[in-house]
Structures are given as C-alpha cells and as structure tokens.
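Heads up, the chain below is alone and in the form predicted alone; it's given as structure tokens.
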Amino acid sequence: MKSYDRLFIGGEWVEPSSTNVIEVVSPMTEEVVATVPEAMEADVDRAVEAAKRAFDEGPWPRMTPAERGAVLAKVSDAVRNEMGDVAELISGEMGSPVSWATMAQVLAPTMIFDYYAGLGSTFAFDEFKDGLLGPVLVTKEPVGVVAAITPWNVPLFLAASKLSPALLSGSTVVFKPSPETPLDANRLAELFADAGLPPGVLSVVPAGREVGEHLVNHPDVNKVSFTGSTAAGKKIGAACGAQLKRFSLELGGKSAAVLLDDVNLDEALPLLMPNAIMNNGEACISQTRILAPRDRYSEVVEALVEQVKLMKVGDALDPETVVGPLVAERQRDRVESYIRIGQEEGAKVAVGGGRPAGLDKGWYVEPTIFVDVDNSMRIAQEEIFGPVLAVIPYDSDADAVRIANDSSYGLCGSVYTADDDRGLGIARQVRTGTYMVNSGIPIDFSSPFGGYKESGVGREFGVDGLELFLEKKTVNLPAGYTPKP
C-alpha cells in the first residue's frame, strides 16, 4: 500500500501543517500498512479558502454542466481501469471481502459517476415558464462550498455519492474521509487531478472527529453532506441549524426483512442473505432483523443457520471469503458486547457468537444468528454494525408491519412472498426510504435513497441527489419576454 507525506489541497499535494500522521492498520494482520498526514484545523482552513476562491473566481462553476460531467466520466473510466487494484486497496484498509468489494466498493461507484456524468447533458438547470403574473425563469445554481464527510465502511462508494452530484452542480468540495480509509480517498484525488479538475475544486483532508467539527462549523462552508452514525448526524444537524447552513444526513438503520407465510425459502434466502450480512455486516442498509411467521419460525431459523454455516470467514483478500474482519479492534469489541447483551436479554445464539477458530490475528467475529428475540431487545433496536442477525416471530401481516415500524430508524427493508402485489402492500406500509419486494437490489442509483425518522434527512442519488447541491432562484421577467435559442 502506498503511503503519503502530503495533503491534496487546492489541487496540489502540499506540506501538511503538522507532523501528525494517520496509521492505516490492516484488519487482517493488525499491522500498520501505510501512513498519511493527519489534517489539522489549519489544513481545513486552507482547503476551504481554496474551495471558496475556486467557486468565486475559478472556471468550474462557469463551465457547462456537460463539461463538468465529462470530468466525472474520465474519473469513472480511470477507476474502472484499475478496478482490481482499488478493490484490494479498500479490502486492505477496512476488511471488506474482495469478492464483494470489486462490485460494491468499486464498480458501483463508477456507475454513480457515469449516471451524473450523463445527467450533465440532460438535467434542466434553467426552466422558463409562464407564471401567474408573467414569464419566469427558475434557475438552479450551485450551493457553493461543500463539506463532504464519509465513514469507513464503503469509502469510495460514499465518496462517489457525494462528490459526483456536488461537482456536477458546479460546487466545490472539501472532502473529509474517515481516518480508517484515507488511501482510496487520496487515490481518488490523484484520478481527479489527472482528469483535469481545476485547482481548488477538490481537497481531501483525512482527519478525526474534532477536525471534522471544525469543517462543519467553518463560516465559508455553505453545505454539509454527511454519512455516518445517527448520534454524529444529530450534532451536525444542530450545528448547521444554528448557522442556517444547508445539510443532508444519511444515517443508521435497523432494517427488517419480512418473510411472509407463503414464502419459498429456496428462492428468498439467496436474495436476502447477501443483504443481511453484506460487507461483514458493516452496512447501514443491512437486513439485520428477520421477521418470520410464527408457524414457520423453526423452519426459517434452520434455513438461515444453514446459510450462515456456508459462509467462509477469513482473509478479506481471499476471493472465497464471504465474511472478513471488522474494521478495527474497537468495532470487534462493540459487536462482541452486543452478543453478550443479547444473551443477557434472553435471546439464544443459534449459530456463531464467538471468534472463528484458526484466525488468531485480525478482528474477526463469527456471523451470528440470535433466535427467540423480542423486538424490544437492544439487539433488535440498536445498530450493531457487524455480522449479527436477530430472528423475530410475528403472528400476522399487520403484526409484521407493526414490528418492522417499531424502530427509531427507517432506512431500508424488504419483503419476500409468493405474491408480488401482497409484498407491495407491505412495502407501502413500512416507514422506510428504500424497500425491496422479492428483490436483492437495495439501491437504484437513478432513484432517491435516504431514510425516515432517525435514518437521515434528504435523499441521495438520482435527480434528488443533484438537487441537494443546488439553490433555486426565481427571476421574474418582463411581459412578452422570449428566451433566445
């Protein structure tokens, strides 16, 4: 893995303001594999200043959307050309199984870049219309300087989800990746520079929480786009609200997968399980509550246990691995504490619950299924962010909907049934921003994604994702005005 001794600020690799470094530790070996400079408040100030200057004076906001989209397309091509290397880089940083990382950590981001690159030629930034009192122009302008803050679980995917629409809008971005995954962020900066992004439009400042707070509160930041924990999101929302600063939040989840009483398990589980323990369980959209009809509960549990037993746990760089190590020792400690909590609450471990044999190095936890779970238990209410599932019985469709909605979160969910229309009826009743009916696709990049309740504010992806970074301006025009072709 490549180490860095400089920060990407204002389009250049510059000397950091301090000698502090971030050590990237392999979740497989527990050894330091690379270092990067840790950005300090002075570095953030320099990055924001460069972003503001690029927005106020530079060419980027004044280029056509199609020209900005062309830069995104170049970056997409560059990422795709080194897909295997980038997948291994991300797996090495945070433990994502490389077989999953290739598709979700690398290919999916290129799809996001491509979508917004194409939108640059089709989205109506200007709309002339007849108002009630005369002709009107409604124009959509870039929001300004954007602070983009992402966690470590799907780092390039989340970078693409924020940088693509923000940059297409004409805004400039100061990007703070997680300190656990700075390497892919720096590689992305290199690819943007190679693609011809003008100076100042993008800066990358790997740092911890305190420096992130400084970025959020910076008076020259016009918009904050954050993905992370609900607790951190509440603090960011409060800080932005105090300044009347635009913000969007993509936060936690505790999604429920409903298996209806007519479900064919042989068809449903291959769709469900990749979304139940995806990315080692370190995904906000994971289907971690599995709701089973009471009269088929034992059958469902048996089938789930057999599925989990087939999952290979091991080195994230092994193509056969399904569950790799958790990102850090503290994350393993967190997951193990929830396994103890579940047992103390009266739930039973049907499979897993410990550390896998033969893996003495690395932050591994066995994929775990809890049974005899009541939805009021902490393991059913709180986001564990690890390979831990809770199987909850229900008595009727209405009861399943009640349990699914009995959560402070509302990000994702799913239903599996022999009757698609019956499943759609369940989907309409569950209070989440994204839902799957007999599907294994949790996110469509051309459609809005986000959460109800404590799962967030705003919608990413699709046209909605672009409009997060646009301000609408109404221009009232003189009677008889006709726009020039």
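Throughout, we count residues from 1 along the sequence that is shown. Because the structure is a prediction, the values reported are computed rather than measured.
Although not depicted, the form predicted together with a small molecule is the subject of the following passage.
- Residue contact check for residue 250: one or more of its heavy atoms lie within 4.5 Å of the small molecule in the predicted bound form.
- In the predicted bound form, the small molecule sits beyond 4.5 Å of every heavy atom of residue 203.
- With a 4.5 Å cutoff on heavy atoms, residue 208 counts as touching the small molecule in the predicted bound form.
- When the small molecule is considered in the predicted bound form, residue 385 lines it closely, a heavy atom lying within 4.5 Å.
- Interface residue among 400, 149, 257, 323 relative to the small molecule in the predicted bound form, by the heavy atom within 4.5 Å criterion: 149.
- For the options 299, 213, 374, 318, the one in contact with the small molecule in the predicted bound form, meaning a heavy atom within 4.5 Å, is 213.
- Partner contacts here mean any heavy atom within 4.5 Å of the small molecule in the predicted bound form, and among 358 to 366, 264 to 272, 304 to 312, 213 to 221 they occur only in 213 to 221.
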